[in-house]
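First, one chain by itself: the form predicted on its own, in structure tokens.
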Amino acid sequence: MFSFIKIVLRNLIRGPSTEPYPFGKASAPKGLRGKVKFDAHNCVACRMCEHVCAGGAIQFSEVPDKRGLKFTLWHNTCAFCGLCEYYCPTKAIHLTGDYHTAHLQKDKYGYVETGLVKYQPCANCGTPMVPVSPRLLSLAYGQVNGDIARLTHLCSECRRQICDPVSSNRSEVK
């Protein structure tokens, strides 16, 4: 009996050993995988994140006015596994240290991360296309020269016509 009272008194003197969350600030350990942040500027819409998402939380869809692709991530479905971040070639997705995911039941359909990957017109034919990310260019080529920079503003079909020396349908780039 005395050992129990001794433990109780010792714990009362030391105070609580847990985090004061949700009543106070709680620290996140280093490397914690929290909510996902999306950077549309670096996204090349390869959809690898959508493919590897364990919970099926990531979706790409074309916006109704055809001006780009909408990225949607449902935090309620996300398993915070980090596969999307790991496989993203341009690092347009990263998991933050923010693990606060408590919300009201009525807010569950608004608990999403969204972004818009805007199309840009092809410099040659005007076809809408996903722009090439500067991050991807630096990963692939290091220093980007003028020829590569010029090709980044062309759709895949125009690049094919310009770069294929045996193509009989070569067209000149404006």
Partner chain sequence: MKSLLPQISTRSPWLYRINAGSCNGCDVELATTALIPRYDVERLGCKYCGSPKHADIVLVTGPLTAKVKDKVLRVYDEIPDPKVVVAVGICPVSGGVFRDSYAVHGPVDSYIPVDVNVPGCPPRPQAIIDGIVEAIKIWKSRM
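Just so it is clear, the model here is predicted, and its values are computed rather than measured. Positions refer to the first chain, counted from 1. Between two forms, the rigid core is the largest collection of C-alphas that superpose within 1.5 Å.
One more form of this protein, predicted together with its partner chain, exists but is not displayed; see below.
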{"property": "Location of its partner chain contact in the model of the complex, chosen stretch of 48-56, 125-133, 141-149, 65-73 [non-hydrogen atom, 4.5 Å]", "result": "48-56"}
{"property": "Contact of Thr96 with its partner chain in the model of the complex (heavy atom, 4.5 Å)", "result": "no"}
{"property": "Contact flag, Glu19 vs its partner chain in the model of the complex, heavy atom cut 4.5 Å", "result": "yes"}
{"property": "Touches its partner chain in the model of the complex: Cys78 (any heavy atom, 4.5 Å)", "result": "yes"}
{"property": "Residue contact check: His41 to its partner chain in the model of the complex, 4.5 Å heavy atom", "result": "no"}
{"property": "Interface residues of 86-107 toward its partner chain, as seen in the model of the complex [heavy atoms, 4.5 Å]", "result": "Tyr99, His100, Thr101, Ala102, His103, Leu104, Gln105"}
{"property": "Is_shifted Ser156 between this form and the one not shown (CA, 2 Å cut-off, rigid core)", "result": "no"}
